[in-house]
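The form predicted alone is given below as one chain in structure tokens.
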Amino acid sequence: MRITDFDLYRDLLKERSGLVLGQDKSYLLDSRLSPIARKWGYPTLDAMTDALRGVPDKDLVNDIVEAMTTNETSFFRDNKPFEMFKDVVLKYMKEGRTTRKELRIWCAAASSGQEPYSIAMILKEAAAQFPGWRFTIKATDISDQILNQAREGVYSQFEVQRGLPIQFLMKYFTQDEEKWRISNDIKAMVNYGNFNLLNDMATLGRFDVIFCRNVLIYFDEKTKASILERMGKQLESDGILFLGGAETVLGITDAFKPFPGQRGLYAQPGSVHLAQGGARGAGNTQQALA
């Protein structure tokens, strides 16, 4: 691909989604955009690229951005964050919300739904420990196509074998020929919506827990800082932020501080969690919520 063509797609992706496409990912352009060119009737990828230099069709641009958005995910991906959610975070939230009895969770860049459904299954399992509580999961992504797939809640044998405990497969899924369909009660716990992390997050409301895992690695430092600072404004003062194992707030923003003793977990400065050293009740939580 010509350098000028690469620059065109790099700038388009940065402007519309904030994602940074490095030269080392240039190979993705051919593999992901050639099908888009065929869909729109262009004989070659070069022909579609030339069309983009004029006044491009808005729907074509959306298709290109969706195709270049990474959608890699799996149930209980990396596992450890979900253990921390179950064994540490739920304990804090239960103790800190005895009056409100509500837990609001946001999954940013939710892709095809495995992360929010994993959270929903954990909450379903812990429901007996939270009588009278209301759980709300807001799951967002920039791709309408992937959101429709998430809403459907149908997964291949390969997808359910990646990280999903067999007991959850048997309990919360039904087999539909060669596919597996998640139960309606789990689906009902998740509300999906299209959202670009560059946009105003105030429209989403406030949350107690935010999952933004394996997303920030695709942004430049300035955009990372902006996203984190705006997320901080939507998080309750004692709320918790989950980032991916390769992500950090250190050197990027002061809006969050690492949660003591828990990798990938962050709280806001002045949070009761940081003031108490992150140790309140964590030791015996696994037994209480198992």
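Numbers follow the displayed sequence, beginning with 1. If you're wondering where the values come from, they're calculated on a predicted model, not measured in any experiment.
This next part talks about the form predicted together with a small molecule, which is not shown.
Considering non-hydrogen atoms and a 4.5 Å limit, does the small molecule approach Arg213 in the predicted bound form?
Yes, Arg213 lies within 4.5 Å of the small molecule in the predicted bound form.
Check Phe195 for me: does it contact the small molecule in the predicted bound form (non-hydrogen atoms, 4.5 angstroms)?
Judged by the heavy-atom cut-off of 4.5 Å, Phe195 is in contact with the small molecule in the predicted bound form.
Examine Ser143 and determine whether its closest non-hydrogen atom to the small molecule in the predicted bound form is within 4.5 angstroms.
Contact check for Ser143: yes, within 4.5 Å of the small molecule in the predicted bound form.
Would you please decide whether Arg77 lies within 4.5 angstroms of the small molecule in the predicted bound form, comparing each non-hydrogen atom pair?
Contact check for Arg77: yes, within 4.5 Å of the small molecule in the predicted bound form.
Pick from Phe135, Phe130, Trp180, Phe219: which has a non-hydrogen atom within 4.5 Å of the small molecule in the predicted bound form?
The residue in contact is Phe219.
Thinking of the small molecule in the predicted bound form, which stretch from 121 to 129, 106 to 114, 91 to 99, 159 to 167 has heavy atoms inside 4.5 Å of it?
Flagged stretch: 106 to 114.
So, a 4.5 angstroms cut-off on heavy atom distances: do all three of Ser17, Thr69 and Thr73 pass it with respect to the small molecule in the predicted bound form?
Per the other structure, all of Ser17, Thr69 and Thr73 touch the small molecule.
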